[in-house]
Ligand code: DGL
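Encoded as structure tokens, the following chain is the form predicted alone, with no partner shown.
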């Protein structure tokens, strides 16, 4: 029988923290992970470019037999998901689905806060898109959302410096900047899939009573609920527990970094896209 896996996409490694939670909660399904490392990072690229790159990867997932693709990337979710869902899917895969990480998080973040004030930390691209502000206000219009870009956090993680003293400086710097601008914040959403690797240091510098929320488990729980509610998608998925990893860049480099994000050894294959 042909494989019909769940596709999990990110511009690089960060989506593996989301995939780790998904596979931990739903281990029976087949999965394909693709990191578009050759064109990463997506954060500072235009909406049109992110849409083009993301769509190319989504179409590849469809060719690999995936009826469902998760954009485990905040930038792709912010800059490409809506266009893909509304304009591209009717043309290239009306019976397929593409989901992101922003809406599932926005749907529940209001249940964490008691003060009604939430901080959102992310890349420049995610923050400037305003996607979290809009989505959170749809579900919790009474909540005040305070956003801050943390441009140094992704490089710190990708260069393996997340346990270093230098990481302490930049973690404390951005947290202090956010909380000094809005001291009433009691919940901080980590709106980047790299940030969970900094969680230990983030918690170290958070004041008592302030909670940091990572996306992985939230997205995994949302996916489990989605599959329960959409039998036509769930029944199309194969369940052999197979996991495949692809990167558009060097596989050795990807495997070294990916194992850190995913929490176990990863062995990837190289994918050549025509525009890379």
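Computed from a predicted structure; not experimentally measured. Residue numbers count along the first chain shown, from 1.
What comes next is about the form predicted together with the named molecule, which does not appear here.
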Exercise for review: With heavy atoms only and a cut-off of 4.5 Å, decide whether residue 42 touches the named molecule in the predicted complex.
Suggested key: yes
Review point. Do residue 150 and the named molecule share at least one heavy atom pair within 4.5 Å in the predicted complex?
Key: no
Practice item. Tell me, yes or no, whether residue 123 is in contact with the named molecule in the predicted complex, where a contact means a heavy atom of each within 4.5 Å. Key: yes
Check your understanding: Would residue 194 sit within 4.5 Å of the named molecule in the predicted complex, counting heavy atoms only?
Key -> yes
Check your understanding: in the predicted complex, does each residue in the set 8, 54 and 247 place a non-hydrogen atom within 4.5 angstroms of the named molecule?
Key -> no
Point to revise | Stretch in contact in the predicted complex with the named molecule, which is absent here, among 247-255, 24-32, 66-74, 219-227 (heavy atoms within 4.5 Å) | key: 66-74
Point to revise | Listed residue (175, 80, 154, 102) with a non-hydrogen atom within 4.5 angstroms of the named molecule in the predicted complex | key: 154
